[in-house]
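A single chain, nothing else alongside it, follows as structure tokens in the form predicted alone.
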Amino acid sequence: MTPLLAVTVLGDDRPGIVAETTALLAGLGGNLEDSTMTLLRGHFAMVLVVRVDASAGELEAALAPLASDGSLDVAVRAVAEGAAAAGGGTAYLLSVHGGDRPGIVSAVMAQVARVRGNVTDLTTRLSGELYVLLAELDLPAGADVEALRASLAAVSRELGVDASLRELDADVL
């Protein structure tokens, strides 16, 4: 079977990074199976999962032109096939808003971990003094959602932030 590889590209943002990266992958016959990209305080961050007939070392060498000026770091590693089949629980959206302070993500996510919830997507932003956290969660069947809401409310009071947890509609593709 053709290997499944994860590619991370991090560094200084500039126009064309996505186009250049995907052109190199397409040139190798790579098929993008999953991807995410964002700017973190103006720094480019992208993770791709690609199926390509190459080893991690061969793909990293093929992507080396992206990093030749030193503005980007590119890394490639093999990923397991079974890792793509995560989930199976119920999807929830956790949102947290409030004044910025260290430890918000840690304290909130500890509550999620206690019910064996899995974070499937996480975004945080600092807008002035307002800290915003949005997390998509996969809560396992049988998770006590009301107990989680209560523990999130308690932690939120301690942190001086507001938190809400709501069930998401199932993805429709």
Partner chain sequence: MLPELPEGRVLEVVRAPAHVLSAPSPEVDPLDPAVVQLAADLLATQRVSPGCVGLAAPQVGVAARVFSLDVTGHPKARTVHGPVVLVNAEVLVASRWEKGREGCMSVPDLTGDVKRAGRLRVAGLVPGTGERLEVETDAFEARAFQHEIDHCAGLLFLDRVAGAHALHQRRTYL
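Quick caveat: nothing in here was measured; it's all calculated off a predicted structure. Positions refer to the first chain, counted from 1.
The same protein also exists as the form predicted together with the partner chain; that form is not shown, yet it is the one meant from here on.
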Check: Heavy atoms within 4.5 Å of the partner chain in the model of the complex: which of the stretches 132-140, 51-59, 64-72, 110-118 has them?
Finding: 132-140
Notebook entry, point to check: Wondering, does residue 98 line up within 4.5 Å of the partner chain in the model of the complex on heavy atoms?
Noted result: yes
Next item on the list: Indicate whether residue 162 is a 4.5 Å heavy atom neighbour of the partner chain in the model of the complex.
Entry: yes
Item checked: Contact of residue 122 with the partner chain in the model of the complex (heavy atom, 4.5 Å) -> yes
Margin query: Within 4.5 Å, heavy atoms only: does residue 127 come near the partner chain in the model of the complex?
Written below: yes
